[in-house]
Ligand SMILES: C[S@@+](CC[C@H](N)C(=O)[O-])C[C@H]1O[C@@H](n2cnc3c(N)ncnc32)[C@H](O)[C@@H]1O
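Taking the form predicted on its own, here's one chain by itself in C-alpha cells.
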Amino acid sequence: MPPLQPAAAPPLPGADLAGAERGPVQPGVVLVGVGPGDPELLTVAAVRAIAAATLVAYPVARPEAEGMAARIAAPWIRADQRRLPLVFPMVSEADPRRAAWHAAAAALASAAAAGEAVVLLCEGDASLYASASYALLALLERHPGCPVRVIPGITAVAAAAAAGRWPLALQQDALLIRPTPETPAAFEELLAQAGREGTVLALLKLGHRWSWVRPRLEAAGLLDAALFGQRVGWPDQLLAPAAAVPADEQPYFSLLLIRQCWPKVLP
C-alpha cells in the first residue's frame, strides 16, 4: 500500500497564514502539537508558528523514515523552510532513548543559538505521551538559555470523541487517559476500579492487546457502549462501536473509550 497522504488543508478564513507576511526571525524553539492526523485540526497558533519558522524539526523512528508529524503538517510547510529530522528510536532500552533526547535537544539549541526560528512538530499534543516532551525536558536541563515555548494540540482522544459524537466527561465524571494495561489481569482490575468510581477510560496504544481486551469487554457487557478508534484523523480512520471490531491484532495507533455509567441528570 502506498504511503497515505493527508488531505491538503484549505486556507484559513480571513488570512493565508502559511504565506502571511513574516516579521523578523525570532530565534528560539517552539514545540508545536499538530493534532492526530487531519491537517485542518492544527490550531491557528500552530500554523502561525510553522509559518514563522526558518527550520522545521520533527521526530522520526529511524534516519530514513518519514515522520508522521511532518506528514500531518505538510500543507503548512513551505518549500523554502529547512527540515531537520530527529531520530527518536522506538526501543525499550533507556540508554539509546536518553542519548537521542540529548542529541535532539543539542541540535535544537544549536540551531536557535545560530539565529534560527525552530519549530519541533509533535503528533497530537506536545505534552501528552509526546516525544517532544523529552526534548523539552532535555532543553530545560541542559540548555537553559535557549528560548522555548509550547503550543498545545488536539489529542487523538478528543478527536475520536468528537468524530464519534461521544461525550468524554459530563458533570462530576472523572476521566482517565492512559496506555492500555499490559496484561489481562491489570486490565480487568482497571475496568473494575473505573466501574466502582464512575471513571471514563480513554485507553491508548491498544494494538495487539485488543485480542484479549475485546472478550473481556464482552464479558463485562461493555462492547456496545465502548468506542473503538484507529488512526484517528487519517484518511483510513476507523471509528466504530467496539462490538463491530473483531478480536484481531490492531495497529499501534488504536484507542478505546469506555463509559460504564452516565450521570443521573441528562437531557
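Fair warning: this is a prediction, and the values are worked out from it, not measured in the lab. Throughout, we count residues from 1 along the sequence that is shown.
The following text describes the form predicted in complex with the ligand, which does not appear among the structures shown.
- Picking from 55-63, 42-50, 232-240, 210-218 the stretch near the ligand in the model of the complex, with a 4.5 Å limit on heavy atoms, gives 232-240.
- The shortest heavy atom separation between residue 225 and the ligand in the model of the complex exceeds 4.5 Å.
- When contacts are judged by a 4.5 Å heavy atom cut-off, residue 156 counts as touching the ligand in the model of the complex.
- Using a 4.5 Å cutoff between non-hydrogen atoms, residue 250 does not count as a contact of the ligand in the model of the complex.
- When contacts are judged by a 4.5 Å heavy atom cut-off, residue 257 does not count as touching the ligand in the model of the complex.
- This chain lacks the partner; the member of 163, 137, 128, 176 within 4.5 angstroms of the ligand in the model of the complex by a non-hydrogen atom is 128.
- Counting a residue when any of its non-hydrogen atoms is within 4.5 Å of the ligand in the model of the complex, the hits in 183-205 run 204, 205.
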